[in-house]
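Below, in structure tokens: the form predicted on its own, a single chain.
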Amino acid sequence: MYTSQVMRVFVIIPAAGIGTRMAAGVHSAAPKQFLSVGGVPVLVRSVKAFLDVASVDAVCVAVRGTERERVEAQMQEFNLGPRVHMVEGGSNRQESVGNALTALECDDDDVVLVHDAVRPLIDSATIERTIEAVAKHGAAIVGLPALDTIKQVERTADGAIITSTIPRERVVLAQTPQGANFGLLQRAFAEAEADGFEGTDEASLLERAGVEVTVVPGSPRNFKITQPGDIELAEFYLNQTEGAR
């Protein structure tokens, strides 16, 4: 679908999820990626954040077939242009990203980033640092240092029992984008599919395939909209940014 001649940068945004944690409140009528933040749909903000980075060649959005018309209309309404493409999403994140990887005709050294559709406040500087980290190290994710004490627990019928304390300096909270050179990411997905393994994110598949993944510092602003109140928090951050200009 998309051909490369020199090292290029592609972004995959899986947006086929339905979401269940917005069940309460006024935001329950639509999947999270279609809710509005500051008058702009969450998905549109996420896509535009990557289009604002000059080195990004294309953004591939994985959507459910029933939502394709709506997404196409939103992309046209906000004039996001010819760099945005769509593929059929799968029944889970891994399948959606896999479908998009299949649609990409890349060289092994091309950079492929995957970003959550519902992290609309990712900034250009973080995206650029992630691209640079993938180009240098082969694979990278955005991560946030843990501020709270982390406890490892064992689940029992009566609740959780602490088994150990994990030093905070050894822990990061994974965000997106996450990415790798196309060849590495493709191999990690192929191996997971062959073994019937389903990971929690792209980094988990890369780790399983023996690929070292470096961490790029993230930001609290780059949070994932998952529950009631998150839209208001996103708008708060957005107003702070616009007020500072």
Ligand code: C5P
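Don't overthink the numbering: it's just position in the shown sequence, from 1. Source: prediction; values computed, not measured.
Note that the form predicted together with ligand C5P isn't included here; everything after this is about it.
Using a 4.5 angstroms limit between non-hydrogen atoms, residue 138 is distant from ligand C5P in the model of the complex.
Although the partner is absent here, residue 32 lies within 4.5 Å of ligand C5P in the model of the complex, judged by heavy atoms.
At the 4.5 Å threshold, heavy atoms of residue 143 stay clear of ligand C5P in the model of the complex, well away from it. The closest heavy atom approach of residue 64 to ligand C5P in the model of the complex falls within 4.5 Å. Not one of 126, 130 and 215 is positioned with any heavy atom within 4.5 Å of ligand C5P in the model of the complex. Only one of 76, 165, 92, 102 lies close to ligand C5P in the model of the complex, with a heavy atom inside 4.5 Å, and it is 92. Only one of 177-185, 49-57, 205-213, 32-40 lies within 4.5 Å of ligand C5P in the model of the complex by heavy atoms, and it is 32-40. Residues from 197-231 that approach ligand C5P in the model of the complex with a non-hydrogen atom within 4.5 Å are limited to 224.
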